[in-house]
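Next up: just one chain, as structure tokens, the form predicted on its own.
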Amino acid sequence: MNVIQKKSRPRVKNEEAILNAAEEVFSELGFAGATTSLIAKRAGIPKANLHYYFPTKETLYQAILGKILSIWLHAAETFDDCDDPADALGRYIRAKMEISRSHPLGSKIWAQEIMHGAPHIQGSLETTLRDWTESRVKIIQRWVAEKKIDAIDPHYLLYMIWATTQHYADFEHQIGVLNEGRALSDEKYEDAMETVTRIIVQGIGVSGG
């Protein structure tokens, strides 16, 4: 058992280094421009080692996209453990904005992929994302039926949340330029989260948030 644990630590460390380097390269050069040679160089490992963990550039790219999607889907578990719209949506919006701050490169890579017609993740959009979205839609529809929120199309609410929260990752540079050339401070980011949450939650007829 101890031998297995000792072997797993270097593996986890190497995979993290590869994934972090891949995020940088894919976000800068896109899928077509990125190479496993450059990614390996950024990760500080031989190219052969990279291919031991990720046989092809495609599998590595899929891993990056799968990672950010998994993080996003996990954030919406607030819908499952709370039936108060203000609390559930408020925590979801804040979680999504925190993800934009902590994982901006993954969000940018996802946006690039979608803008190119999702050639590498169309299957995931039609299965994983669609099924997950419909599960959230049913919860929002129940809130509407119970008159906890205004009568709205749940899809449009989700699209608005995604667009607004992911803006803080995908347009991070633009935000910095408009903030006197600096990234938002912790205080300003907190204010942004509170503002976005209040506008969206109150906008669907929910007090609080």
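Small disclaimer: the values here were computed from a predicted structure and weren't measured. Take the two forms, superpose them, and find the largest set of C-alpha atoms that agree within 1.5 Å; that set is the rigid core. We number the residues from 1 along the sequence you see.
The discussion below concerns the form predicted in complex with another copy of the chain, not included here.
J.: Out of 58-66, 36-44, 140-148, 165-173, where are the residues with a heavy atom within 4.5 Å of another copy of the chain in the predicted complex?
T.: That would be stretch 165-173.
J.: Hey, in the predicted complex, does residue 78 get a heavy atom within 4.5 angstroms of another copy of the chain?
T.: No - in the predicted complex, heavy atoms of residue 78 and another copy of the chain never come within 4.5 Å of each other.
J.: Would residue 108 sit within 4.5 Å of another copy of the chain in the predicted complex, counting heavy atoms only?
T.: Flag for residue 108 set to yes.
J.: Could you confirm whether residue 183 comes within 4.5 Å of another copy of the chain in the predicted complex, counting heavy atoms only?
T.: Flag for residue 183 set to no.
J.: Verify the contact flag for residue 116: yes if a non-hydrogen atom of it lies within 4.5 Å of a non-hydrogen atom of another copy of the chain in the predicted complex, no if not.
T.: Close contact exists here: in the predicted complex, residue 116 approaches another copy of the chain to within 4.5 Å, heavy atoms only.
J.: At 4.5 Å, heavy atom to heavy atom, what parts of 17-34 sit next to another copy of the chain in the predicted complex? List them in sequence order, or say none.
T.: In sequence order, 27, 28, 29, 30, 32, 33 come within 4.5 Å of the partner.
J.: Residue 42: CA shift of at least 2 Å between the shown form and the other one after core fit?
T.: After core superposition, the displacement of the residue 42 C-alpha between the shown form and the other one reaches the 2 Å mark, so yes.
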